[in-house]
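Form predicted on its own, single chain, as structure tokens, below.
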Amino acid sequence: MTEAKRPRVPREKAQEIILNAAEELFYQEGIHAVSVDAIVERAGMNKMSVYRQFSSKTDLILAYMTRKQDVFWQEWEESIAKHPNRPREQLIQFFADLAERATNEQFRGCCFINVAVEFPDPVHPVRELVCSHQKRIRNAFLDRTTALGTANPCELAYTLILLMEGTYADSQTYGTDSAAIRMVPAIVEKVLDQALHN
């Protein structure tokens, strides 16, 4: 008796399975360290199925990064929404939520910074996506620091971005139980209050 033919997975479901597998591997191990074969194995699908959904590994990376963008902005909006029309509290909340995520054992830092290190060519599509995302972050912080009414909103925005990126780096250098990460919301509060009183 012959083995029953495996039912074909619908296109959208196949994309989700492959992307889920790629996301897990890319985030935990890095882009270049993960082969298409490893993604195929994790997804439980054949290589032809992967290339049927994504024409190249670069396309798969871009889809992964786009998903990560969506996650970042969802987290940003959730933090901001907790304190409507109160930019000081919104920014403190964002860093409190970031500190909570950064102390999770599965946290591997900022995937955009991680990917930027792996793709130094400024005209590579992946690097261009990272730069576009970082510019959007800069604008989002600048919008909140401008709403705060400080004397130098641009300087404050960059200060906060550096604190955010420092949190990412600290989690990977010293571990997710870092005392410095737990102190970040209080540090941000002091930075904001100093900016408001200058």
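One rule holds for the numbers: they count along the sequence shown, beginning at 1. Everything quoted here is computed from the prediction, not taken from an experiment.
Unshown form predicted in complex with a further copy of the same chain; subsequent notes refer to it.
Using 4.5 Å between non-hydrogen atoms, is K190 touching a further copy of the same chain in the model of the complex? The answer is yes: K190 has a heavy atom within 4.5 Å of a further copy of the same chain.
Determine whether any heavy atom of P120 comes within 4.5 Å of a heavy atom of a further copy of the same chain in the model of the complex, and answer yes or no. Yes, P120 sits close enough to a further copy of the same chain in the model of the complex that at least one of its heavy atoms falls within 4.5 Å.
Contact of L162 with a further copy of the same chain in the model of the complex (heavy atom, 4.5 Å): Yes - in the model of the complex, heavy atoms of L162 and a further copy of the same chain come within 4.5 Å of each other.
Using 4.5 Å between non-hydrogen atoms, is Q69 touching a further copy of the same chain in the model of the complex? Because no heavy atom of Q69 falls inside 4.5 Å of a further copy of the same chain in the model of the complex, the answer is no.
Option from 125-133, 58-66, 141-149, 39-47 whose residues, in the model of the complex, bring a heavy atom within 4.5 Å of a further copy of the same chain: Single hit among the candidates: 125-133.
Let me test this: is every residue among E155, G166 and A169 within 4.5 Å of a further copy of the same chain in the model of the complex, going by heavy atom positions? So, yes: the whole triplet contacts a further copy of the same chain.
So which of K82, R86, R101, R108 gets a non-hydrogen atom within 4.5 Å of a further copy of the same chain in the model of the complex? Exactly one listed residue reaches within 4.5 Å, namely R108.
Any residue of 34-60 with a heavy atom within 4.5 Å of a further copy of the same chain in the model of the complex counts; write them all down in order. Not one residue comes within 4.5 Å of the partner.
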